[in-house]
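Below sits a lone chain in structure tokens, taken as the form predicted on its own.
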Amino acid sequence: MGLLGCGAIGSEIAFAIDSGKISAKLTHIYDFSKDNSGKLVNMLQNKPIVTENVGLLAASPVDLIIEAASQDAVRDDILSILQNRKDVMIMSVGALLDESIFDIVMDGCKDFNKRVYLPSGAIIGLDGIRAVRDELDLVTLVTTKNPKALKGAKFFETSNIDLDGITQSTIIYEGSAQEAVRLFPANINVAALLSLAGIGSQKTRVKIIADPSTDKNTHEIQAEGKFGKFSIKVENMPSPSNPKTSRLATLAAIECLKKICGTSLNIGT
């Protein structure tokens, strides 16, 4: 396997492979920060090769490359990886709500007969959303995080909201999933997953709440349609190394890789 991105999620996945939790071998890695890749290699028992650029990672002798870098990495590099006939697991799913990027990735899968995997991230219930997608009328996502976990988002470049000044639970954003993943690229990949599994990014509605009293990343999903309705609430503990990321997102990625690499019983749709 290869790894693109050696930050919090990428490193946790690498540790899971290195410890034998995943039946695979990590042989090549790349990060735009040489410090990140060097630090990761030093912590692994089985040392992968650090490539000099993404192109060399894409051309390396691996079957699958894990993207754990950024939406920009998906836009710039996924097609090259597919062209080099590698399967890809994408963590920065928000990039796929750009229709042009989505079409490029899907065409790449068809043209080069490769697969793209999207783990379920920090939410549950995607099996249910996919099963009823043709009968869905409404999907709403309400995400609540501590203001510290929202800092640095593009949204605040043009907003007059002072995150440090928030003293109680406050709605800071309401809109479409497509806009949400653009304005909060490191915080709301779950909205992209819901959109892709369900009724699309324009019809999937998102509300983001900043709450200084919480130490969790909470996602509430409500779905309604001809099939009936259901609601799901997930209270995630943040990743110890990155409060913007829920621990569940990493665990879901590890489980997805176990499924890809294993031969055991598959559960769920």
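Counting begins at 1, following the sequence as shown. All values derive from a computational prediction rather than experimental measurement.
Unshown form predicted together with a small molecule; subsequent notes refer to it.
The single contact residue among 36, 218, 222, 27, judged by any heavy atom lying within 4.5 Å of the small molecule in the predicted bound form, is 36.
Of the residues 177, 82, 193, 96, just one reaches the small molecule in the predicted bound form with a heavy atom at 4.5 Å or closer; this is 193. Note on the interface: of 157 to 165, 195 to 203, 86 to 94, 105 to 113, the segment with non-hydrogen atoms within 4.5 angstroms of the small molecule in the predicted bound form is 86 to 94. Using a 4.5 Å cut-off to the small molecule in the predicted bound form, not one of 140, 143 and 209 places a heavy atom inside that distance. When the small molecule is considered in the predicted bound form, residue 242 lines it closely, a heavy atom lying within 4.5 Å. Contact annotation: residue 122 falls within 4.5 Å of the small molecule in the predicted bound form, judged by heavy atom distances.
Using a 4.5 angstroms threshold between heavy atoms, residue 227 stays clear of the small molecule in the predicted bound form. At the 4.5 Å threshold, heavy atoms of residue 8 reach the small molecule in the predicted bound form.
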